[in-house]
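Listed next as structure tokens: two forms of one protein chain, kept apart as structure 1 and structure 2.
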Structure 1
Amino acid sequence: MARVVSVYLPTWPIDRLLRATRAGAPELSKPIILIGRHGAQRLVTAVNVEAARLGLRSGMPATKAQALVPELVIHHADPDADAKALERLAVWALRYSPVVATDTPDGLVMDTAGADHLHGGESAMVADVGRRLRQAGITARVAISDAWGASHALARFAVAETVIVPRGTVRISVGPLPIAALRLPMDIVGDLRRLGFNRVSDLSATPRAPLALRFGPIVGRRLDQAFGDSAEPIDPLRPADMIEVRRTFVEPIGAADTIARYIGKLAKELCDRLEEKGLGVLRADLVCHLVDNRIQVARVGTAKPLQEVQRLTRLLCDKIEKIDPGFGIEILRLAATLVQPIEASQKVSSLIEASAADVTDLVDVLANRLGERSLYRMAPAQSDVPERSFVRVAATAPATNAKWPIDWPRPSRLLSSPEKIETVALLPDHPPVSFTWRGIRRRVRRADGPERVFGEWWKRDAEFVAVRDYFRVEDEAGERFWIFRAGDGEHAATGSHHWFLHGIFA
């Protein structure tokens, strides 16, 4: 099942121009329009947000726009350059999915089924697309759903900037949209309006035959495409310099063993090509073209540039179970979408010292199975506050040899957020005599402390005077806990003087 992301760039020609001329910042607040020729007429082809606020619309005569707004910044439209830049943007979007195409004139479309987990799931991926484009100064609206038609409509006509439609609920989300969202020619939209159709749901509730008789087959087709009932394959963009190998089959293949065998052959060819250029693959896409014109994609990523046939085959073969061959696979395509030069390094001879074991391949296998973010190492961070004293780093990051200070014992379990406990304790610097945690009262037999941790004023103003006093306490049964009091026990400003349990010692 496809998951189609549609990216709508409402002010793409202007954003592109401002990025190209590096004049983004000072002109942002000014109304900007682009003008182009339409026969003998000079028409407005694009307006920015500020110009739209002043009432300018694309399609109005340029002279009228100039008359309406005095300090108008006018540039000449260049549709060819826009299209070329859009293609370059599509190449950038290959980072999200191998199936990306331009949705001319003002959008991108990509199929992210089977690739979203590498970006932390659909919602994280969609948010990431929007954020990165906005950071680059490009206005973008993103929608993801089961069908191209639906995503296209939602990106352009939904209220929210990002729309995520769960699987199988396309009908509910597309129904309330206006019929202009259906990618129909403008004259048909006008005629349909005149007939009293305003929303997509009105149109889908009407018998098809009279509509087809009056407007031709296009209305029915667009409706099917919007609801995902008819296939609408995306013709994936392929950059010219991408290293790619392919196999076309006379007889479609479908068995897992057969796919695995051909993956092995393709991986061998790809690695040979990579070796010629001295490159290693960081991201490889296996694209399966099915006989019924659908495309299935498996994407694998590696932590370090990879040129070994066995490892690449292993990673790709792990993905076979995710591929649904349907009626069979006609073309198998393996592309290295992200490559990096391989640096030759000298191997340590086993005569001198034992070579360090390399676990990169295991990390790759597990990261492709569970997602990149579920594998990590903990590195010490410069902070005395326990929950900030570590940061997650990549599993294959170089060793830092950094260490935590070992003055005080640390509990082996740290609660994700400190839990409040009821205590009987003397102020200011005594440990509690007893405390109640999760409904069980424990009498403190032994205690160590306090270890005072000061707030980090450079993070938040409230931490300027905040203090925590940590105690290690042991109850009658010998269980050891890490508890703290918020505040120094004397000054109310330093904390609430409530007690919390933060960790469990072994």
Structure 2
Amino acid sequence: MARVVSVYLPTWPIDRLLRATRAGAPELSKPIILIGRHGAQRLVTAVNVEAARLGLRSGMPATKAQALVPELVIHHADPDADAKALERLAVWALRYSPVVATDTPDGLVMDTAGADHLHGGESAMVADVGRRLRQAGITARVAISDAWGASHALARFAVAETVIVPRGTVRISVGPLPIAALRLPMDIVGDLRRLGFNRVSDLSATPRAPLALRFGPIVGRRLDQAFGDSAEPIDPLRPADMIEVRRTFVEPIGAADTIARYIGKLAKELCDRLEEKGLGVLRADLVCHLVDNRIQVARVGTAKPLQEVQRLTRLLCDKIEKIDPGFGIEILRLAATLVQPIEASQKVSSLIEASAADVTDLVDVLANRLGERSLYRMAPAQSDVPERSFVRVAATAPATNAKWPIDWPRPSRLLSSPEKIETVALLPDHPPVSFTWRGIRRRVRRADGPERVFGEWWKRDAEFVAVRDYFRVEDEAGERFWIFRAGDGEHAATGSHHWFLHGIFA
């Protein structure tokens, strides 16, 4: 089943203009409008949030807008530049899915089925789309559902900026929306309102024949597209310089073995093309065009540039079980959507020194099954505060010069956040005699410490005098824990003097 993401950019022409002119923050706080000509009239074509707050809107005469808001900032609209910039934004969105298209004039649409797991799941992916666009100064609303029509409607008419519709619940989510959300011509929307139709649910409960007789087939078609009952294929954007190979079949294929065989042939052709250009693939998309106009997509990524046919074939074949061929596949396309030059290097001779184990193959298999964000390793960071003393890096990231601290032992398992414990201890320097953690009372048999950790006042003012006193303790069962007291045991300003358990030694 398709999962369609619609990205609505309500102030795209103004956001595009400000990014192109690199306007500063002071201008962002002013009311801004774009004007264009419609015949002999000068009309407002776009307004920013501040202008909308003052009552300005698209479609009103420019002279009226100037009269209402004298300090208005006015720019001329450039629809061609907006469309070209939207295409560039769609190319950027290929990082989320191989099936991306512009939803002109103010949005993007992409089918993320089979690709969302590489971004941590639908919730994380949708949140990442919105966050990245907002960081770039682009106002965005994002919705994901089973159908393009539903996602388009929810992105533009739902209250929340981000909407995730669970599978199979499109009708419940779209029903309360106004009929303008159905992408109907405005004259039909006006006629329907005069007839008493205000919500999509009102329209869907009405027999189709009278509606078709009065307005033609478009009303029924838009309803079916919004509810996912009618296929609405997305024509994906393909950059001109993308390396891509394809196979068209006279008879549709559907058996897993047949698909795997042709994946191998396509992988061979793609790797040959990459070798000619000295490139390796970092991200490959397998796009299956089905006979019923649906598209099934499988995306794989690699940690390093790859030209090996067998490895690429194995990664793609792992995705076959997630492909639903339906009535058959008539076109298979394999595209290298992210490539990188491969630098020639001399292999280490086993006669001189031992070769380092290459785990990138294992990393690729695990990352494509679990998602890139689920596979990482820890690297040391310059900080004495335990929870800040490490950072997550990619599994194959190069080693840095940073070293793990060896002066004081650290637990093999650090809790994500310290857990409060009840203790019996003498202040200010003694370790606890016993402590209770998660309902179990433990008597301390041995202890070592304290190791005093000072707050990092250059990061937070509240840590100017904060300290923690860490102890390594061992209970009567031989289990060892890393606990600390917040504060120095004498001065209340240094901490709450409560005790916490922060880690467990192996």
Partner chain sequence: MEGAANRVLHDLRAKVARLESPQLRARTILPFGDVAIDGKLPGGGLVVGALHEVAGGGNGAVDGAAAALFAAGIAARTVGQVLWCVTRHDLFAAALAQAGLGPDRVIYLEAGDEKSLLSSFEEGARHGCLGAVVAEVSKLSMTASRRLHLAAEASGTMAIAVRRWRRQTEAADFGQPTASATRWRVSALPSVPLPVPGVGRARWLLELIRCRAGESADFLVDACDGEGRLRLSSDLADRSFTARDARWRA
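Structure 1's sequence is the ruler for residue numbers, which start at 1. Since the structure is predicted, the reported quantities are computational estimates derived from the model, not experimental observations. By rigid core we mean the largest C-alpha set that fits within 1.5 Å across both forms.
Between the two isolated copies of the chain, the second is the form predicted on its own.
Taking 2 Å as the criterion, residue 387 counts as shifted between structures 1 and 2: its C-alpha moves by at least this amount when the rigid core is aligned. Once the rigid core is overlaid between structures 1 and 2, residue 445 counts among the residues whose Cα shifts by 2 Å or more.
Core-superposed comparison between structures 1 and 2: CA of residue 272 displaced by less than 2 Å.
Core-based alignment between structures 1 and 2 gives a C-alpha movement of 5.3 Å at residue 465. Relative to the superposed core, residue 398 moves its CA by 2.8 Å between structures 1 and 2.
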